[in-house]
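As structure tokens, one chain now follows by itself in the form predicted on its own.
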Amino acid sequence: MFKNAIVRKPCQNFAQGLTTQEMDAPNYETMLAQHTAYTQTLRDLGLTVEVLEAQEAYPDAHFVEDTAVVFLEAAVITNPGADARKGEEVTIEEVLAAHRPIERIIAPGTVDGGDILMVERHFFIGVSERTNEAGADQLGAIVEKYGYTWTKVPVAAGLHFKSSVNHVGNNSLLITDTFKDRAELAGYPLIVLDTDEEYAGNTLLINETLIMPQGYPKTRAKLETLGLAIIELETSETQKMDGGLTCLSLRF
């Protein structure tokens, strides 16, 4: 049960962040409005939300999820996999230290929080361009120390593991077609996305409510079978920067 969230305001030059998308140029005022709606939605769902100031030196810093992995017993400060993002984790450590004991990923290991999915007491650790084998093994050893199990999963498509796989309640996983036959996911009920709605795979479960990107009716119909409340949010500017709903907060 999540009680808290940490978000960071987008900086004015957020459009200079890392992206592989070839879409219309992101708009700062629209991004602020969408981020404000996201933050208010978390509050409406009963979470206490701490809003951090923008970091102008780090255009991607509003994607706070990549800087830490937080669970009941500890917060693991990551070592971001993109050189341009190294340093974002420094201010997050100070904030999280007020809530959890701190663990750290040490170079040469790299981890982005967007590659980490916790389902009950099990961690899926995506090995991607941002999270390397050394970082995955370090994180696995840390969570195992606290009694969790873990599995590494290769990320062959998408920026992060959670670009393609997310927990949507009752141990069910919402996944893209690329991951439907992965042996590491065997035993979990799978909801496979239509190929034209794969962006909706980054859906965020907050207690008994699913927050999904706006405008994906086939995905919504599939999620409605779970019997959970569903909220749709506009994410156009976040999508332009390779981001999604999970990226924008740390929940604990």
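All residue numbers are counted from 1 along the displayed sequence. Values in this document were obtained by computation on a predicted structure and should not be read as measured data.
Keep in mind the form predicted together with citrulline (CIR) is missing from the figure; the text below concerns it.
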I'd like to know whether C247 contacts citrulline (CIR) in the model of the complex, with contact meaning heavy atoms within 4.5 angstroms. yes
Consider L159 of the chain shown here, and say whether it contacts citrulline (CIR) in the model of the complex, taking contact as heavy atoms within 4.5 Å. yes
Within a 4.5 Å heavy atom cut-off, is G243 in contact with citrulline (CIR) in the model of the complex? yes
Looking in the model of the complex, any heavy atom of K152 within 4.5 Å of citrulline (CIR)? no
At 4.5 Å between heavy atoms, only one of the stretches 205 to 213, 189 to 197, 58 to 66, 219 to 227 reaches citrulline (CIR) in the model of the complex; which one is it? 58 to 66
Could you list which residues of 1 to 35 come within 4.5 Å of citrulline (CIR) in the model of the complex, counting heavy atoms only? L18
